[in-house]
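What follows is one chain in structure tokens, specifically the form predicted alone.
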């Protein structure tokens, strides 16, 4: 590994490390590797940095992890100087933060923007990765690090005669940077996951009429968002380091929530409902899931929690028929992404909002002027598609990645992702993933998991550099064991019953495999740390 451009291929730009992606994962990887003296760049397909928080500019877009937790911990000065206006930050504030970080640590000059990597091939003779962009630019590197994100490839809608609609249409994951004014417009919104819930509550404030087309009802909890309290912030910042360490000792990588000590079956109805009520009033997903020890492992315990939320929906929504349609029955609460909202169920009491059931009466087509459901045409000026993402593997499959045997990552993963720790995949040397499938990533505070992954990779590369090693590869036996372990852990919970994007269930033809590691951040980090202490068993270094 060198600190200067290699002469092994004069027609390419050679680097020690190339990071693909310049979102939160890519930025920290870039910063960390530059700090260790590597010649490194990040390549980003967007015209601006930010990843998820650049592309998802839809109205109402907001993080569901508290701001003081959903932030970098690598710089004490950064932690102390940055001010978050709200408890749960909106997209614009997070994007400002990302740009501040990039400017403060002089990262932008090391980022190639508006450039999509479309091909990556491992050259075993020169022991390098050769990359090609959509602009036909060529790069090469000793180590390729994928920071492509877990929710970065939008899932486009697939409806009959969609092209016939002549009004405006938008996808929440590809929202234009300019302001979109829905005032006095008839808007149809398709999709009721997190993006759909967040967008609809904002659009309903100004739209002439909003039709929410719902196929699957999802559980949503009140965020109880509010402006940041100066005393709370000051107290948190005084103990930032302690709180960051405490977060690693939790399943979700988020501090401040006392873990539950009792099963939901150990208490009577009155006490159980009192605890649920306290959590409901507190707001937040982690708080609610921490009501009892077994909400995600015991069906009866989960039924109590699910029915509590359904009763809340019935109480909030005035029209009984609409309320019942909004009550989820298809999955245990928490097994799909649990949504945070600011007035979602109240929204359906507005005269300008109507819920359309497309589970029992699917969309049959589009016209120039709207959507057809059960022979009825809903006239629309604009349609918002909140149809989600090809999660966790989509971005990796969007690049033609080949190893030295000519085998593509798509081929290897055709029956589902195969990784060791979510960090590497066997037979793809010197190829790392940040919060890859079969790591806690999407089931944790993403920034905490990003930092843990990047720090692990950086330590690994330093070990290799000091010992004169040039190649690292995950062993197939270790990979197989880890994949089996991930499945065994998931099968002990209710998560596989969720039929969610955690399993790729939202993508037609995608193999249904539960992809995140849900043993918890604490257990996962301990496993990773122990591997380092033992000298990287499960990996072959040469």
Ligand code: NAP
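As the structure is a prediction and not an experimental result, all values here were calculated from the model. Numbering follows the first chain given and starts at 1.
The following text describes the form predicted together with the named molecule, which does not appear among the structures shown.
Asker: Within 4.5 Å of the named molecule in the predicted bound form, heavy atoms considered, which of 302, 449, 419, 198?
Answerer: By the 4.5 Å heavy-atom cutoff, the listed residue in contact is 198.
Asker: Select from the listed residues 71, 192, 435, 393 the one whose heavy atoms reach within 4.5 Å of the named molecule in the predicted bound form.
Answerer: Contact residue from the list: 192.
Asker: Which one, 152-160, 312-320, 289-297, 73-81, holds residues whose non-hydrogen atoms are within 4.5 Å of the named molecule in the predicted bound form?
Answerer: Heavy atoms within 4.5 Å of the named molecule in the predicted bound form occur in 152-160.
Asker: Does the 4.5 Å heavy atom contact test between residue 506 and the named molecule in the predicted bound form come out positive?
Answerer: Flag for residue 506 set to yes.
Asker: Quick check on residue 218: any heavy atom within 4.5 Å of the named molecule in the predicted bound form?
Answerer: Residue-level check for residue 218: yes, a contact with the named molecule.
Asker: Would you check, heavy atoms only and a 4.5 Å threshold, whether residue 517 touches the named molecule in the predicted bound form?
Answerer: No, residue 517 is distant from the partner.
Asker: Would residue 399 sit within 4.5 Å of the named molecule in the predicted bound form, counting heavy atoms only?
Answerer: Flag for residue 399 set to no.
Asker: Though the partner is not shown here, which residues of 423-462 have a heavy atom within 4.5 Å of the named molecule in the predicted bound form?
Answerer: Result: empty, none.
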